[in-house]
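Only one chain is shown below, in structure tokens, and it's the form predicted on its own.
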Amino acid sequence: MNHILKSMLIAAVLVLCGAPCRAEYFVKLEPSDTEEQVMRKAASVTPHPRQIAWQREEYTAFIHFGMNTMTNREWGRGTEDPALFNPGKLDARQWAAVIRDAGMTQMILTAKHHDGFCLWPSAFTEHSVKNSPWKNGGGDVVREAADAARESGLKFGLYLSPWDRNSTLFGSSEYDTYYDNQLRELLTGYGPVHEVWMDGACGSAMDPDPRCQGVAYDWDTIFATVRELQPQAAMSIYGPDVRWIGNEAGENPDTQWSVLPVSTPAGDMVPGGRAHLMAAAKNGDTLRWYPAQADTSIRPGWFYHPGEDYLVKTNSQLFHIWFNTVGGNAQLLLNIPPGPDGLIHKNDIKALKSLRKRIDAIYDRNFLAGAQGEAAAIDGDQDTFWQGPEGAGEISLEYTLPAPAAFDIAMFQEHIASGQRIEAFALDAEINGRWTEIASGTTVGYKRFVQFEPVTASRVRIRFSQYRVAPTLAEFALFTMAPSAEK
């Protein structure tokens, strides 16, 4: 399913900061700004607490489930009979257990997809579970998912497609009220909602449905409703808090900035560098904190299809996606679609368990634990941090390990509450009495992994060669890569 159509690549995302709005969340550039002034302004942009909380979730789950699951489609037509919806074994607690055991931290449910079929008994349409045979019309998938998520210690999020192929109101001004009414049902009836995921499908003339021509969603009202009812919720993809990474394959560019001009097209893969910001300054643009989310599916499709039971992504594929998104200043949202019976397939579960085992093996031992050096950057606390001096040229940090160790992965984390500052860094190891560069990178942001050929050393050094203002480091760790096992 193509969540974000190509039109998003040229559509600017609207901004609503909510009230009160702190100045550092949005910083105005001026055509007269020098490069140094632009870089200092960029470094002064900081995330809202809801964005920090969202980023720390790191690895979350999408549950695509609904009428399409029953009809074996990706995009429904909106004319499907509610009688088709009857998942006889539906168990949201199984979903939550699978997600929790995979190491994920949140479940986002497709409460309504483009076909307009509602997984809750909406008072504003007859096209919902209340007219299905499932539980004799008395069921509520959203309720079961929300309760199961919280019982398992997961956060809960919702997807409500703005496109509704069933509603006769779609494309009219009355539809804005209809959508807002359904959004209010979801945001007031199911407890805390931590993310509202907004698809941009049918938002431009490039979409296939004739009724998409000239459609413009009332984003201002949508954003205001979320801020009013669930102010802690991050609004993703077509919202002001989180942006789409630009593809549905889980691919992440090597350089990932979270501070962007407001005019940056949604889905732009490589924004935020010096040239981009200087061009934005000439236009008098405004900077904001806008982190990236990588959404992809464990299968080729977003909804369950029996023909894909043996096309679940391999351990190597999933690990590559996790390593390069979570370890590349992005959040990973991995889709796990339950089948028509209402259960997640055993092949998906097996793949997730294998990935969890490999991730755990990396984090199992940090060779910098107990090392000598700046303690604030190796204490396991993201809220404590080291900060370098201003205007000092290349800045370095040295650490002495408790004992010589073999390692091939380094993890870096900036203190993002202080902004994103690092533009280039390198890692050295003392080998045979001499410092040898073993890895380098550009941006760090929330979290950055770098992999290199295995080395054995007892002393390491980080060098910050380019930064916007004095760099910060909240966490630094050294690990060893877990073996690749397709099991």
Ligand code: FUL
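None of the values given here were measured: they were computed from a predicted structure. Heads up: residue numbers just count along the shown sequence, starting at 1.
Unshown form predicted in complex with this ligand; subsequent notes refer to it.
A heavy atom within 4.5 Å of this ligand in the model of the complex is found for exactly one of 385, 197, 304, 407: 197.
Checked against this ligand in the model of the complex, the residues 425, 62, 54, 65 give one hit for a heavy atom within 4.5 Å, which is 62. Taking the partner from the other structure, this ligand in the model of the complex has no heavy atom within 4.5 Å of any heavy atom of residue 222. Looking at residue 75, you'd find a heavy atom of it within 4.5 angstroms of this ligand in the model of the complex. Using a 4.5 angstroms threshold between heavy atoms, residue 201 counts as touching this ligand in the model of the complex. Proximity of residue 248 to this ligand in the model of the complex: non-hydrogen atoms within 4.5 Å are present.
Residues within 4.5 angstroms of this ligand in the model of the complex, judged by any non-hydrogen atom, belong to 111 to 119 and to none of the other stretches in 111 to 119, 311 to 319, 226 to 234, 171 to 179.
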